[in-house]
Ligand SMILES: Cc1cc2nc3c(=O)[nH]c(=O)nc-3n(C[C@H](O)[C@H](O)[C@H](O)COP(=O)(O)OP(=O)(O)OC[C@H]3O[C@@H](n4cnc5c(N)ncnc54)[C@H](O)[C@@H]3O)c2cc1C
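Quick setup: one chain, the form predicted alone, written in structure tokens, and binding and motion questions come after.
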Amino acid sequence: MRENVILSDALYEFEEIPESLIVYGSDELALEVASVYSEFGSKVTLILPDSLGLDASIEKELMRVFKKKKVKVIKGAEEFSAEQTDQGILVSLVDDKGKSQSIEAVYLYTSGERQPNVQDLGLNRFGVDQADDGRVVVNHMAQSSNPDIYAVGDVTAEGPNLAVKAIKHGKVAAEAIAEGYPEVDLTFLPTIIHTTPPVASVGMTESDAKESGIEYRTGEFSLKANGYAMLSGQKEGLVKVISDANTEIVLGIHMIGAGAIELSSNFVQLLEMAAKEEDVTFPNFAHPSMDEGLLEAVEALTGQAIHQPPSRKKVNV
């Protein structure tokens, strides 16, 4: 069956753009593959076994975009199985509504998580603590429980397997070894998804805020009302901001739309500095620009966004 099953690291084994493709997975890679190959013209079916973990507004917009691009999305797949056929792959499953489905395609792509290749290193002999899956437990300086041994990147226990984490770990470990006092803090590590349009998410989602029990408010701004988005023809998407209703501290910023990945650095900086709403609304933003989407999303927290009708704002708990 593996002849027509493409794993994460073997994606580029396609000799040509497949006529049809089934994508199984709920992570960034699965979403990106579904988006990219739909743009290439493949008939794509995206099977989501788990929640995406995105803010509900962003996920809803992403699903709307997928539907517009004719990507078939199946949520909550259970009893999943796949078998090789003369034409390619036949997948059978039960969706979140309890309905049995069978889908045929030329290829099945399934994303997977990298596992640390540390079994033969004998780390326990050196007093190095490891998580249940073998990943090395490190402190804020990428230092293991053995102070003479450092670990960086995917092999470490905290945080996702991302290059940005590995780069930060490497820099911090080098500085620590040179007797400096650096720090790795992954609290506001952005979630980046290179779909079309892209997604960037930093900090609390509305669901997180609700579960925390704090009083919060939300502001959303559609890029359809952004001048630069209209001029450039990239109107799909929105910006959403969550803030503390009492302190006005920004808790989370989420965006789907052109420029989201570039703007995510601003999102991270605002959350790192515990910015208040005024820290966004006071400075002058370039006009026209995608950046104004962030400004107006924050202004929308209090019904002051000038390019969309004001709504009756309420505090959520």
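When you see a residue number, it is the position in the sequence shown, counting from 1. Since the structure is predicted, the reported quantities are computational estimates derived from the model, not experimental observations.
This protein has a second form, the form predicted in complex with this ligand, left out of what is shown; the following refers to that one.
**Q** Though only this chain appears here, would residue 174 touch this ligand in the predicted bound form if you measure heavy atom gaps against 4.5 Å?
**A** No.
**Q** Even though this ligand is not shown here, does residue 65 get within 4.5 Å of it in the predicted bound form, heavy atoms only?
**A** It does not: once this ligand is placed as it appears in the predicted bound form, residue 65 has no heavy atom within 4.5 Å of it.
**Q** Is it the case that residue 224, even though its partner is missing from this view, gets within 4.5 Å of this ligand in the predicted bound form, heavy atoms only?
**A** No, no contact at 4.5 Å.
**Q** Decide whether residue 153 counts as a contact residue for this ligand in the predicted bound form under a heavy atom distance cut-off of 4.5 Å.
**A** Answer yes; at least one heavy atom of residue 153 falls within 4.5 Å of this ligand in the predicted bound form.
**Q** Have a look at 129-137, 88-96, 156-164, 209-217 and name the one stretch with heavy atoms inside 4.5 Å of this ligand in the predicted bound form.
**A** The contacting stretch is 156-164.
**Q** Of these, 121, 149, 186, 231, which has a heavy atom no more than 4.5 Å from this ligand in the predicted bound form?
**A** Filtering the options by heavy-atom distance leaves 121.
**Q** Considering non-hydrogen atoms and a 4.5 Å limit, which listed residue (246, 117, 196, 101) is close to this ligand in the predicted bound form?
**A** Contact residue from the list: 117.
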